[in-house]
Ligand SMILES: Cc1ncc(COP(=O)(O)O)c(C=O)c1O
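Presented below, as structure tokens, is a lone chain in the form predicted alone.
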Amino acid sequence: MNTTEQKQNEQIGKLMKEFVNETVEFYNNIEQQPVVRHANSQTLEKLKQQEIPADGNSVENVYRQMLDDVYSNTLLAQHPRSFSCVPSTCTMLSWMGDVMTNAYNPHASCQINAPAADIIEKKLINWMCSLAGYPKESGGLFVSGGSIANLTALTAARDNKLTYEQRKAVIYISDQTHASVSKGLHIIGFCKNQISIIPTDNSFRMDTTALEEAIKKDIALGRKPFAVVASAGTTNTGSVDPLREISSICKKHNMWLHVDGAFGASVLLSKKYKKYLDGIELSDSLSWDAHKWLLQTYGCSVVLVRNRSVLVDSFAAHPEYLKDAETSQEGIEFWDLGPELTRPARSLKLWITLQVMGSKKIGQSIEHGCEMAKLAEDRISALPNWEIVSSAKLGIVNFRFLPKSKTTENDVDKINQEISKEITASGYAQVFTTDLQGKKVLRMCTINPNTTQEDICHTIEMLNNIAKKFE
């Protein structure tokens, strides 16, 4: 390494020490920050006009610009009052794991490149399979997120259940299934008319009677029902489909059952609430995002399968340039289990978090999230002119304001949209809307372990005060 590089590295080291101290301070006082930090138009315009320099700039100048113009102008999804979508619950332990892993940049595709990381990923996969109730021949791998986890599992389902009849195949999802499922099915060769959308009941769970009827109808038409995607914690309501009933239907018709547990599978760590995932052990595959409720930074997800061989059948490839790297005892490397060849060691930050906190404490943090949603429901229910549309389930509750004055449904929708915009603009909390049963509703996802009762109560109070303007 030449002298110039050495000096630059020393400067990077100095700046990163400063960055670590500032980041610790930031996280220790994050609740004092606004949830949404808006970039001003001048900053955005400056970035639009900035080009790639031919000769480069100083490390410190670039470092300062990134802090001032990029990182300081983002939504803080890890904020304890970020209640929109399914927010990040990341801890500094996961961040530490990110920093350490990225610094050493292990190539986690095979055992020979990173043998210790290989052991850790396999131990975590086995542990998560055990939590899901899968047998010893199960397996899986870490991927970037639920979208890729779903795609990977559905590829295995296609290859396991279908041959020449793919064009006649039908897959069944509910009207609450995550959009990534349809996107993944399109990527692996299925058309829209091959995706059958099953209605949900009053609790937003897949209607199994409607599912049975749809399957029978498709068989009568000469089509090939081959898979059902059930949800364990929907994004909209936190609802869990009747997994045991759906499994029975799948077995009856020799169909694959995939469970999208990207959000809700983490409840398996809770002694109190894991009962809501009864039947998940009967599934053929499962997606599970650690960056949703296991306190991890993006992206850290797993795809699990009841029998690891189905992943090997779909993804194993053995080109000549990889022969020397095939050193695992069974001849199966992580690159044989999914679409990626080069892949980062995503599991290490979760391992660090679990080693420091222990699984019991993480389970308790999950229970806290569920209890905060119930608190929000109780506070809303006690207020006049508010309606609970979907009761608290796995840390999610949906509700809306109904003004006293007679008005149309369209007006009610607009009012709730305005309430959402105003509380978000305040910076105190972020509460987005979604659509349920044709209604625009406010939705709170309360899964951050640092969210306090005061955060919940004050947010509800603010929502009610904003709503009073529309009475």
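Note that residue numbering follows the sequence shown and begins at 1. All values reported here derive from a predicted model rather than from experimental measurement.
FYI, the form predicted together with the ligand isn't displayed, but the following is about it.
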Q: Could you confirm whether residue 160 comes within 4.5 Å of the ligand in the predicted bound form, counting heavy atoms only?
A: no
Q.
If we define contact as a non-hydrogen atom of the residue within 4.5 angstroms of the partner, is residue 178 a contact of the ligand in the predicted bound form?
A. yes
Q: Flag residue 292 as yes or no: does it have a non-hydrogen atom within 4.5 angstroms of any non-hydrogen atom of the ligand in the predicted bound form?
A: yes
Q. Given that the partner is absent here, does residue 241 sit within 4.5 Å of the ligand in the predicted bound form, heavy atoms only?
A. no
Q: Go through 399, 273, 263, 204 and name the one with a heavy atom inside 4.5 Å of the ligand in the predicted bound form.
A: 263
Q | Among the candidates 106, 145, 279, 133, the residue which, in the predicted bound form, approaches the ligand to within 4.5 Å (heavy atoms) | A | 145
Q) Would you say all of 86, 150 and 235 touch the ligand in the predicted bound form, counting a heavy atom within 4.5 Å as a touch? A) yes
Q: Choose one stretch from 90-98, 151-159, 374-382, 284-292: the one whose residues place a heavy atom within 4.5 angstroms of the ligand in the predicted bound form.
A: 284-292
